[in-house]
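Here you get one chain, nothing else, as structure tokens; it is the form predicted on its own.
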């Protein structure tokens, strides 16, 4: 029998706050965590919108030891782990006696460290490359460094599937617990804001245009031209339900089901929504829920002309007659695109929606694109009694992942066979 997967803690480092309450409050107040980028002007880039966590001070979270061996991504993840462990009530003594694992999703991981290491070695010779940097030039370095820092003795895995990495990591960790391989896992995602990732995404034509209107990175808006790149690190503590109860943990929510799919024809208007439709239907089937039982949707939409269109079409296909009733939010209108962390930031906000009864609106959305189906896009923060929610994560290359979270007071039901 599959085991229930409880969420018992949250940790987040973002430009809009370092707690779930602060982050959710910022979204409900429709505060934006990005702005104009000026330091790349000399590089001739056309995109000038993004944001890093300028106030991040790792020493505030990583006390007692030197953290010089951790680069920025490693510090962001280790700091989020500190918060998630504290929020879920895991003491250092408890970590010594029980295994806690870590599954991290990331798109680029330590891209700046990799670029810096390569540049020094190529331009100044191999002897100039830092041995400390070398340890952080592999994509799983942040997960490994965080496990070492916090003495996490369970599974340690890194998921790299582009912008969907974080939500896929959450689903993978939930499966490990559901099928009895692990009892407690920190699961989430992280990506740093750096010149290398900004440059790559700008040259790929994915970022918001420099001189576009204010609505150019508003999800589902007619004038959207791309997204604003930002950074974040976010982790959830997942535990086997009975084990969490025995430990005396507070249960914040439950992961009911997830699914992912890939579509190489995502640029084709005829086939574009296909993977997202399959991911959402797969998550609903795994959770045993009908679309009418989903209280709200946290969309992946970030202002991308193609991806937003595909997701809206997929939502229209899956929710069909319920699309005009189910409220849909898109917090990347305020958080920006945090890549590997994005799906986890959405999950944290959804859990806070369960707790507070407030669903954030899509900042800046006045009139949705008339080419999209008629959906209930949430333009302003609204009061809602939500006990279940669907999270979407859509990549830039055809990947799609969906995950269903329910409030802890909702008991699982067996959906009748069609």
Partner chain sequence: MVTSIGTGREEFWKALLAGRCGFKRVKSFDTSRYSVHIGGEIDDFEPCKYVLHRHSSAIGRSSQLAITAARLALEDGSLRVADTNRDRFGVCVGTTSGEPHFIERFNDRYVSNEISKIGREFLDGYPCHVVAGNVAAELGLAGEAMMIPTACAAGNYAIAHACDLLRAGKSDFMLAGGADSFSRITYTGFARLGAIAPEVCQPFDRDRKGMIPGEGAAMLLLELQERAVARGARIYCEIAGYGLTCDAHHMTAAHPEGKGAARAMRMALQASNIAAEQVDYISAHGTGTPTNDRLETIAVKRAFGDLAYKIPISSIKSMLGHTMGAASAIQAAVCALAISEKKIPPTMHLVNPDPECDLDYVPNVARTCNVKVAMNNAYAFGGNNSSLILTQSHNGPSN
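Numbering follows the first chain given and starts at 1. The model shown is predicted, which means the values in this text are computed figures rather than measured ones.
Just so it is clear, the following notes concern the form predicted together with the partner chain, a form of the same protein that is not shown.
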Of 85, 152, 296, 244, the one that lies within 4.5 Å of the partner chain in the model of the complex (heavy atoms): 152
In the model of the complex, the residue from 317, 95, 216, 129 that sits within 4.5 Å of the partner chain by heavy atoms: 129
Partner contact for residue 208 in the model of the complex: the partner chain, 4.5 angstroms, heavy atom: no
Partner contact for residue 258 in the model of the complex: the partner chain, 4.5 angstroms, heavy atom: yes
The partner chain contact in the model of the complex: residue 313, any heavy atom under 4.5 Å: no
Exercise: residue 201 in contact with the partner chain in the model of the complex, heavy atom 4.5 Å: yes
Candidate stretches 117-125, 216-224, 327-335, 246-254 - the one whose heavy atoms come within 4.5 Å of the partner chain in the model of the complex: 117-125
Residues of stretch 145-165 in contact with the partner chain in the model of the complex (4.5 Å, non-hydrogen atom): 145, 147, 148, 151, 152, 153, 154, 155, 156, 157, 158, 159, 160, 161, 162
